[in-house]
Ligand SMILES: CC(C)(COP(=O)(O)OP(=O)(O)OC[C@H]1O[C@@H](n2cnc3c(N)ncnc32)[C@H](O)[C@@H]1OP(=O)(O)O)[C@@H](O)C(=O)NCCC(=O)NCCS
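The data below hold one chain only, encoded as structure tokens and taken in the form predicted on its own.
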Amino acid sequence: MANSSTASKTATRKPPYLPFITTHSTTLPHAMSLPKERTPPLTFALPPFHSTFTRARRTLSSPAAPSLLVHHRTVRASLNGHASSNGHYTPDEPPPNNGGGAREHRQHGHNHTDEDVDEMFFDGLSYPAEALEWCTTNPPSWNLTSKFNALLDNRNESAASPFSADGVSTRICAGDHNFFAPRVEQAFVDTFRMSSPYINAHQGLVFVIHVPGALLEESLFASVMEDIALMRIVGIKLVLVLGPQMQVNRRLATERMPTKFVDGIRVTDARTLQIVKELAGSMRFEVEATLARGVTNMPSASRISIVSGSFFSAQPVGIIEGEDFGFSGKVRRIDVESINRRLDQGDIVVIPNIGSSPSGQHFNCCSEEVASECAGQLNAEKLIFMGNGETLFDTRSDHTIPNLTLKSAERFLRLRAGGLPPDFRKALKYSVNALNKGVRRAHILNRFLNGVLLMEVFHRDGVGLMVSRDLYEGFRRARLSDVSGLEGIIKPLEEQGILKHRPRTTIERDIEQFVVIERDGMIIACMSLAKLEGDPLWAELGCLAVHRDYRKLGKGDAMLGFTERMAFDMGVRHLIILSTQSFDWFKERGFSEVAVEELPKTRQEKYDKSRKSKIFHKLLEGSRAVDEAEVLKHL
């Protein structure tokens, strides 16, 4: 044993070689600890050096830990300690003589010279060949528990050679702490698979995001900018509209200047305009600088490209009901051609809220209005507001509302706008404005939630309030006066054998089960929805038919979505449909085939075996799931 000074030098120096460890048995690391009284003759490959050095130094010399028989071979490890004469690792012993180590190495069939030893370094990537061996990572083809039990019960038998077929089941790596689990969690795979349809669906679409000045002073600002950069990387075209309202309010308060808003519009004098221009420019530089960093660890050659400027012209608000708004402006025209050209080149377009008139006069414009007008004139897919966390909830169920139709939002604003927080009211107001100009969906998000943009855009459930255009215009329950129209679109499909024949009397009897789409007084599509007897959680869809002149226009998808919403509101959680031909159509929309025996008993008894219809089932998860299905279909 070396004295203390020698041990200290050995522990602190970094030798240019890797000391040898030659052993017939070694101690099992903590991840493979077994009862002391039952030590199996288990053959295993030594663990990877980079993950187990620290544990190995603690456990190899511990007399309390059990041992495993290791296939006889010479192992070289990058440890400060080395093998003692009895084959056990001893941290305090000095390294063996180079010549002796090399001779011993050659005795075991290795032809490395002393020079080879000196040239080998452990860098986390390079491994000496004699220190490597193959192992299994617990494939599902063999039962680990039974193998362990067999090994324990036959511990006195000799171990199979690791190079024989019998030894395959015992070749496990005991080094990693969770050696039976993959290094990547299954949740990552599930999330990525769930997000991939949205990544594909959103590629090439335009999103307009309103960035409030308050976000810049919050801890999540850099994370939000990184998420925006990530959205651009996956192919979304982005326009950011900046609104430095909080900074302007604070500066005016510091200079003891009055702040006045009328109907959400700031009254702007010359000094206020100067402050707005200064702070809008400062905000623009901060956003650009943070965005330019891109995504963490992204190669510099793939950095985000940003372009900013005044991409819209403005005009004065003027004098309204005796109130002179001074240099406050409103959007006159968006330079759609210039913005689209930049978006097609892969740039993120950043637009401050300062607009200019043809005469060269600058105006302070409402940033929410700028965002809404940009989205409308660019025909954007989405308009997104980073809000303060406000949302809506249903007082009947005491649950938050994930989605709102355009008509419902307009009605709510007419009746309740006066009691809403100012920022939320503006976000809802300009969301409605954008949808009326052709934007498909608007989202009001809680900017204090980390990753809120990614969760709303790429997750099935979303986390914010979504306002969508009324995709179901003309949808309603059928009336007796619709029977002739229903027959007109059902009969051709009955003749083709796609639908089961329904006499007129049956349609009249079940008329309340039908939902129809009416356009200009004509029924163009229908579907039936009927709860199953004895089980209110189950309902059956049927008789989906679209007039031949309106097929391939998304009417079938819209009808299915409308009916699913209606069923969920009725308390239904399981939908079934029987089909003899349209298998793929329903599979593509989330239905899966089930056996007759999986249906409620009352429905099993009524199943017509002569038609041999296939049965498809879908679990209803809420209206937000329907929303997202419509997003993927670009409805």
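All values derive from a computational prediction rather than experimental measurement. The numbering used is simple: start at 1 and walk along the sequence shown. Basically, rigid core = biggest C-alpha set you can superpose within 1.5 Å across the two forms.
The form predicted in complex with the ligand exists for this protein as well; it is not shown, and the discussion that follows is about that form.
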Stretch in contact in the predicted complex with the ligand, which is absent here, among 505-513, 531-539, 544-552, 191-199 (heavy atoms within 4.5 Å): 544-552
Contact of residue 402 with the ligand in the predicted complex (heavy atom, 4.5 Å): no
4.5 Å heavy atom contact, residue 584 to the ligand in the predicted complex: yes
Residue 335, heavy atom within 4.5 angstroms of the ligand in the predicted complex: no
Proximity of residue 589 to the ligand in the predicted complex, heavy atoms at 4.5 Å: yes
Of 347, 557, 423, 286, the one that lies within 4.5 Å of the ligand in the predicted complex (heavy atoms): 557
Position in contact with the ligand when the complex is considered in the predicted complex, options 233, 253, 498, 320, heavy atoms within 4.5 Å: 498
Per-residue C-alpha change between this form and the one not shown, residue 550, threshold 2 Å, rigid core fit: yes
Rigid core superposition, residue 502 Cα moves 2 angstroms or more between this form and the one not shown: yes
Did residue 423 shift 2 Å or more between this form and the one not shown, C-alpha, core superposed: no
